[in-house]
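As a starting point, one isolated chain is supplied in structure tokens, in the form predicted on its own.
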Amino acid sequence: MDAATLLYQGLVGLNVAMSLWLVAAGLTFAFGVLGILNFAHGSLYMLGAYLGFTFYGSLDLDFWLALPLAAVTVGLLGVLLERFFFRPIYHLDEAYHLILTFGFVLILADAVRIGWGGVFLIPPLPSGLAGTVRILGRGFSVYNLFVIAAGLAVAVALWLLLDRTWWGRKVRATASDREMASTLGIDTHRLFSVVFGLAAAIAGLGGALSIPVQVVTPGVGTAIIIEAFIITVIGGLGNLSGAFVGALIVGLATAYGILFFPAIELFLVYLIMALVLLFRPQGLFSGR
């Protein structure tokens, strides 16, 4: 097998990785700051996909307007969920978080069935992002290149926001010690709402980005949250850098698994997770 084929498959893996990163980033961000294991995060991704389909596929809004609209709408829903449902259970054991968020998985799945029905939905590709380009002698989707760029842009934006701004310093201080942050005058309740809303918006953006290349169904959120949890386990719960590396590992393992071990491609990802749990149970990048 030649080097061009290996490099091309790596590009395929990078596309898979960036799609998963957009889900894992919000999941990790919320857990790292709020301590909430949000099993319904995949449902927010699903809702972003349905809203993206509605804004772009049904209402014929410009694709570049539909993306932020879907993300902002899901983000606002995240703020409401944090304020009225998650805030009262912060002090409880994480098992209660999982029970509550799993309830929202069922609620949101039924809500989209009522609102959009149970049929598969997929809009056309935006005209400016349709077609392919030649990379390493093969055609590669322009839209997939856009998804890779969007994932990298989100990673850079989160890094700048958390490491280079005063608000990011407050977020990191609150994640380290909530009581001390509150004593120093940080409005932790407002901060938590913004953090959870931002995490939800990232998931909504990921869902909206998926619609031209992936069918939208009520079960799409459940499928992707499993992969997002695998990524956070590999990278380390609550660590954004770990989630990014975990997404790269899962994406590349998926792409090269299809190429070299198609019969056990799905098993490879779980094997990697099992090995990480066996030898480094706190994840490759531990710490919240």
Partner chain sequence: MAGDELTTLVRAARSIRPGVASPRTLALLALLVALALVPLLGTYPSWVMSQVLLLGLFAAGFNLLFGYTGLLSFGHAGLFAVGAYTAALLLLAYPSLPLAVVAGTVAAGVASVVIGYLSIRHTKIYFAMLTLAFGMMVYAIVFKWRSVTGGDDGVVGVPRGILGVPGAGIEFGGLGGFYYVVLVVTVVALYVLWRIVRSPLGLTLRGLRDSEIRVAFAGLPVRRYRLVSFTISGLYAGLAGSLTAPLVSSATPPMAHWISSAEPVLATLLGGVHAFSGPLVGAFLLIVLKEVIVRFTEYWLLVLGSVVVLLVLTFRGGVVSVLAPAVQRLWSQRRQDG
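A quick note: this is a predicted structure, and the numbers were derived from the prediction, not measured. Residue numbers count along the first chain shown, from 1.
Below: the form predicted in complex with its partner chain, not depicted.
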Identify, from the list A30, L44, L51, I225, the residue with a heavy atom within 4.5 Å of its partner chain in the model of the complex. I225
Counting any non-hydrogen atom inside 4.5 Å, which residue from A153, M180, A95, L160 sits next to its partner chain in the model of the complex? A95
Exactly one listed stretch (36-44, 66-74, 240-248, 51-59) reaches within 4.5 angstroms of its partner chain in the model of the complex by non-hydrogen atoms, and it is 36-44
Would A149 show up as a contact with its partner chain in the model of the complex if we use heavy atoms at 4.5 Å? no
Test of understanding: in the model of the complex, would F192 fall inside 4.5 Å of its partner chain by heavy atoms? no
Are any of the heavy atoms in I114 no more than 4.5 Å from a heavy atom of its partner chain in the model of the complex? yes
When the contact criterion is heavy atoms within 4.5 Å, does P88 count as touching its partner chain in the model of the complex? yes
Members of 265-279 lying within 4.5 angstroms of its partner chain, judged by heavy atom, in the model of the complex: L266, F267, Y270, L271, M273, A274, L277, L278
